[in-house]
Structure formats: C-alpha cells, structure tokens
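The form predicted on its own is given below as one chain in structure tokens.
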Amino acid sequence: MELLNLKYEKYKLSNGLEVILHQNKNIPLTAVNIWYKVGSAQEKRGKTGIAHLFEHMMFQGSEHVAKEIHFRLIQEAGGSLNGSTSFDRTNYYEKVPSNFLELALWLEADRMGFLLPALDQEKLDNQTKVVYNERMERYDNQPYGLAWELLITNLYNKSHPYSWPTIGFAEDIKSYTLEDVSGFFKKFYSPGNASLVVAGNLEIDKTKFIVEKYFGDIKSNNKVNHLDVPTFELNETKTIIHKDTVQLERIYISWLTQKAFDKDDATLDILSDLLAGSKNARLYKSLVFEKEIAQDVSAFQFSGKYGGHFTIVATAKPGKSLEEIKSEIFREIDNIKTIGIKSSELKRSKNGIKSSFVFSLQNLDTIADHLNLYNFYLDEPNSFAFDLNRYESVGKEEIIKVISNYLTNSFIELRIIPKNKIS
C-alpha cells in the first residue's frame, strides 16, 4: 500500500539537527514538526514537571518574536499550532498553507536559538501559575484526576523516570527558579538533541535552503546522554484506596509490561482491544451489557522508551461492587488463557486497528508526527508498514503467551471511592 511507504529524505546539519523531509504535492499545506528528545523522564525528583513547564515557556516569546506573536502570526496565516510533552519527548508543531512554510521554520528556529534573551522572571512567574492552575484543574480537583499519578507512583520504583507525572508534583511546580529553567534550556534545547520534520507541499531544495538559513548557525550544546534505566519487577500486589469527590466507584488494575516497539507491545495492544476496545469486546459485553455491573470499561497498553504497563479500568454502576467487577475481569482473562480466542475475534480486532491507523494517516499532522516518532524510537522514519505489520503478525498463541507472561504477575490495584463512603 503506497500510503504506508512514504518517501523521505533524512540528513543532518553540521550542528547535529536531524532533518526529515517528506514531499506530497497533492495538498496545499505543509506541516512543521519538531521533537526535542527530552520529556519528564529527564527530570529529577524535586524538580518534576519542568519539561512540561518549558513547553509553556516556548510560547512566551524569543529574542525576535514578542510574547504571543508566534500564535498570532501562524493563525493569521490560516495555520494551526500547538505543543505537547510526554515522558520521552517534547514536540512543537505548525500546519500552514504552503506559502507560509518559511514563516513557520523561522519561528521554530528563533525559539530554538534565541529563547534565553527573552526569558525573564515575570514570564516564569506567569507560566508557573498557569501550570499550577492546570494541575489543580485537571488533576487535584478533577474527579478521578489523580488516578494516573497514583498508579505510576506505585507501579514504578522511585528511581524510575516514569514514577512521577509529566505535569509534575504540585509542590515542585512552585519551586522553579529562573536558573532552573535557563539550565534546562541550555542542556536539552539544542539542535543536536532535536529532529525536525517538514512534510507536505514543499520543494525539497528550497526547503533545505530555508532550514539551513534559519537553523544552520544555531550552536549545539554538549551531547545529552541516554538514560540508563535498570529493569525491575513488581515484587508484590498492592491495593490502594483513594477517596475522592466522585459519585461512582472505579477500579484500576495495572501490570508492568513492555517498552515501545518491544516484541510483545503490539500483542498487548491487541489484547486491550479484545478485552475492551469496542462494544463487542469481552469485558464490555460481560460487565456492561450482560451482568450490568459496570457503567464503562476500558483497557490500554502504555509503552515508552524506558518501560510500559497494561491497565484495565472499570466504573461501577450504583450499588454494584468493585470486588464483583474485579472477579469478572480476572475470570475473562483466565478464559482467554485457558480456552483461547476465536479467529473471528482476532480478525475483527486487527481490522479495526488497521482501519484506524490508515484513517489517521489522512491527516498531515499525524504523518509528520509519526515520521518523528518512528525516527525517535526506531531510527527509521518510514516505519508505517513495519508498525502495522506488528499487529498483522500476531497469532492467537501470542495473545495467550502475553497473559501468562504479564497478567499473572503482581499488579497495582487502585480503587477510587466516594469520600463519604465508609471503608
């Protein structure tokens, strides 16, 4: 399939910036997508959340671009833009009509090379408040909002870089200094620690010229060392009870699994789909439709550069027991392990995954981001076919094997219950 075989050109500037160009003249748009190879995993305890804070700071203006002008210039050009932070990376992206490509590249280069002269205490104080309020609104004061934090802080040991949330702990967010932020930028926001994708309606030679023009003279800092994260196991099953301002009880069950693109990663994705990916999925049919003990149920395999985990989540219907839901979850997992799955089940799951994947590639933003993602994890931007083939090659025996290898191990069980419930 031609859609899954994208032609590209990859090269490096003399300062170490990786550049990936993909031409598609069938659309009048061009996407600029830059990944800095730094996320919350590169932080230290006591200063968690600084990678996410820095995502905010990158929109506060640079030496030649005043605060908020970045947004205004792109939007007035008819484009869109944003950024995001994860455990492993921080990315920034624009999508513009093709004749505004140079504008987007200049804006990205200016904040890569010239952010520090525009950095001041007022901007830091302002964004610290913004991030702290975001933390309060989306986590501390949101029903079930602390679930992810409670899971990862108990699932991963305290030395693991995934053992704190990307947004950071509340007390850490208040502690950032101008020196912290400047030091973070100098260490990680460097051409040698970034990859730039330009995709869409572009002229290759002209784009190379513009990239060199704006990025070529930016100096690289010292090379960022790869994290050395020892493997570890969860030695015992742990149950956490968290009282929250909620109406309905919810249970989370989470096991340690595999890193991104490791051999069982795709199989675990398929397992999550078989269990709860649709209304035809096993747990959905059992818990929601047949027994009517759950309002909803979901499952997912999270995988990053330094670890992964598999999680099942179910919200109880009023008056229904989390113990009953837990028992049914393990009964269904055991059914797959002992009886297996039908060929039709597996085929339906694979078809759904393939359909969603191919549909997503009709979005230029997604294509650009995937080129960067594959480059980051696999060192091969054109890994679309490889990625999909990971799922196509999964057999019924692999599904049973991952259950035995991971879902029979110790796990974290989190129960979120109403504050007024008597334990």
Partner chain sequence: MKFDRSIIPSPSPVSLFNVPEEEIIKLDNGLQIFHIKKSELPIVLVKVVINAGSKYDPSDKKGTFNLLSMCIDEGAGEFNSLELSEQFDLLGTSFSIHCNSDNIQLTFQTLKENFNKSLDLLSKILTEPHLKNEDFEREKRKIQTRLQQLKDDPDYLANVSFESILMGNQNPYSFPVLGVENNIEQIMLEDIIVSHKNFIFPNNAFVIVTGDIDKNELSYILNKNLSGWQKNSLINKLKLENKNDIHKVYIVDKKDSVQTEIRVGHHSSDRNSKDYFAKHLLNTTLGGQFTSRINLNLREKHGFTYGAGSNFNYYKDYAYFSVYTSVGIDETYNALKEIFHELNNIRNGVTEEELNFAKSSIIRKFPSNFETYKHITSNLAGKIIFGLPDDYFKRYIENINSVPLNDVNKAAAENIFPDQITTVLVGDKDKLLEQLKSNKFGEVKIYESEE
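Here the structure is a predicted model, which means the values were calculated and not measured. Numbering follows the first chain given and starts at 1.
Absent from the display: the form predicted in complex with the partner chain. The rest refers to it.
Visitor: So, a 4.5 angstroms cut-off on heavy atom distances: do all three of G192, A276 and I400 pass it with respect to the partner chain in the predicted bound form?
Guide: Checked in the predicted bound form: no contact with the partner chain for any of the three.
Visitor: Within 4.5 Å of the partner chain in the predicted bound form, heavy atoms considered, which of S182, S220, N141, T239?
Guide: Of S182, S220, N141, T239, the residue with a heavy atom within 4.5 Å of the partner chain in the predicted bound form is N141.
Visitor: Which of these residues, N126, N335, S321, S159, gets a heavy atom within 4.5 Å of the partner chain in the predicted bound form?
Guide: The residue from N126, N335, S321, S159 that makes the contact is N126.
Visitor: Report the stretch among 146 to 154, 263 to 271, 90 to 98, 301 to 309 that approaches the partner chain in the predicted bound form to within 4.5 Å, counting heavy atoms only.
Guide: Only one stretch passes the 4.5 Å heavy-atom test: 90 to 98.
Visitor: Contact between Y284 and the partner chain in the predicted bound form at 4.5 Å, heavy atoms?
Guide: Yes, Y284 sits close enough to the partner chain in the predicted bound form that at least one of its heavy atoms falls within 4.5 Å.
Visitor: Can you work out whether K317 and the partner chain are in contact in the predicted bound form, taking contact to mean some heavy atom pair no more than 4.5 Å apart?
Guide: So K317 counts as contacting the partner chain.
Visitor: Given that the partner chain is not shown alongside this chain, does V130 nevertheless sit within 4.5 Å of it in the predicted bound form, heavy atom to heavy atom?
Guide: Yes, V130 sits close enough to the partner chain in the predicted bound form that at least one of its heavy atoms falls within 4.5 Å.
Visitor: How about E76: is it within 4.5 Å of the partner chain in the predicted bound form, going by heavy atoms?
Guide: Yes, E76 sits close enough to the partner chain in the predicted bound form that at least one of its heavy atoms falls within 4.5 Å.
Visitor: Using a 4.5 Å cut-off on heavy atoms, which residues of 35 to 67 contact the partner chain in the predicted bound form?
Guide: Heavy-atom contacts within 4.5 Å come from H56, Q60, H64, K67.
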